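One chain follows as structure tokens, the form predicted on its own.
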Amino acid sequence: MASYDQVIIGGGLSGLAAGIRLARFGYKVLILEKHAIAGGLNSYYYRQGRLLETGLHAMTNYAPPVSKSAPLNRLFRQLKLSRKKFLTHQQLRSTIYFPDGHALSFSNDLELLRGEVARLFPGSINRFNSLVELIDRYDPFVNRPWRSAKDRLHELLDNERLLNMLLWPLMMYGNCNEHDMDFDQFVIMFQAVFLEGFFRPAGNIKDFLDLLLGHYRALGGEIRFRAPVKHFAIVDKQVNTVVLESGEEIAAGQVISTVGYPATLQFMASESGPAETAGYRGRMSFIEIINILPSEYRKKIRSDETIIFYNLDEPFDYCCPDEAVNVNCGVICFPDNFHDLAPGAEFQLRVTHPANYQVWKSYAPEEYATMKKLWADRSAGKVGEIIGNYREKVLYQDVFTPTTIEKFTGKANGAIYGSPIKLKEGTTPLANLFVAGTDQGYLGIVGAMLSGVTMVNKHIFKEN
């Protein structure tokens, strides 16, 4: 039987970061990934000779190399990667678009958003500035009870439209709860999106994953693909061995699971029956439509922003729709619209909408394919009202749904932001089993990686 000091379940970004951190200090580490490539929610695939990215609209938490205390740079130090050699491209400008022409633009310079708030909500600018000051000194990682962000923002801003416009991109980029979000999570996302901002690495997500995998292997770490976990063999309330679906057993000193708490509970269950996971299953999932268009068509549509977060529903509500998709709200992203990116012969338009996992799960295979086409067309009609008609110029289109997300990431219900119950400490009922990633509470690419590093530091290295 193979034996390892540390076994990590899931080869996504939190798992890779945890593995690198452990391998740096001489631990014998094995990452188990059920798919053929790494990345989890942030991976890639090929269609018609094109590399298409999953998950990566933009990375949050931008910081220049000189900002030593910034999360991105702390992460690179922990992983012993060169931040100076990690080339990045900052966003051009993004917009929050609401009914009646209300629109707030923002960039990686907070002064743009500050000026926009003063322009659109002049009576609220002082309160907005006070909110920024509060967030600057607030520690969101203290283990507090859940607190309504909406209620707190009503107290701080006293402006319904402004607070909803600020909430919308933060919810779409990292909120597992319907209707509201935890105030601590709001602070994390506000810092990531508005105070630090969007960027993307030079190259593509495959290049980034290759960098991490190469570094991990160079440090002596091992990774096995197509190695799905079946369950844990538990002795004295500890994981003794990790049992694969193939029947192979792997002895583990400690285990870090990055595949979500519902899946982790299933691994912990006895053979007598499945674990009770209903309370840990999120409902917020999404459909994403990737459109490839000819480069010359850029001038025919509104395409000079990086991301447009649009909501046309009144009243505003972030929730799982009753039908398959809600096209009245979503994210319109141009992944090529970052500073110093050279235009190519084609460009991408990615559109994301809230979607209902249960509806998509109910479709028979032939109906599923039909409904993907139907909703992609409805999406194009609604998005076209904002940026201009583009559907006749699409060279290639691909669609993934909540069931796609569940199949390729293991996230229950296709809930990419995981469980509504976060395990901030990362502990479980088993003494040597820890949780990292979305269900631990960190979100986004940088957040996911920091989660892996933080759980290693806290529970393996016993650092405070």
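Residue positions are given as counts along the sequence shown, with the first one as 1. Note that the structure is predicted; figures quoted are calculated from it, not measured.
Form predicted in complex with a small molecule: not shown, discussed below.
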Original post:
Would Leu433 count as a contact of the small molecule in the predicted bound form, using a 4.5 angstroms cut-off between non-hydrogen atoms?
Top reply: no
Subject >> Contact of Pro402 with the small molecule in the predicted bound form (heavy atom, 4.5 Å) >> reply: no
Original post:
So in the predicted bound form, does Leu32 come within 4.5 Å of the small molecule, heavy atom to heavy atom?
Top reply: yes
Original post:
Would Thr409 show up as a contact with the small molecule in the predicted bound form if we use heavy atoms at 4.5 Å?
Top reply: yes
Original post:
in the predicted bound form, which of 433-441, 22-30, 419-427, 64-72 comes within 4.5 Å of the small molecule (heavy atoms)?
Top reply: 433-441
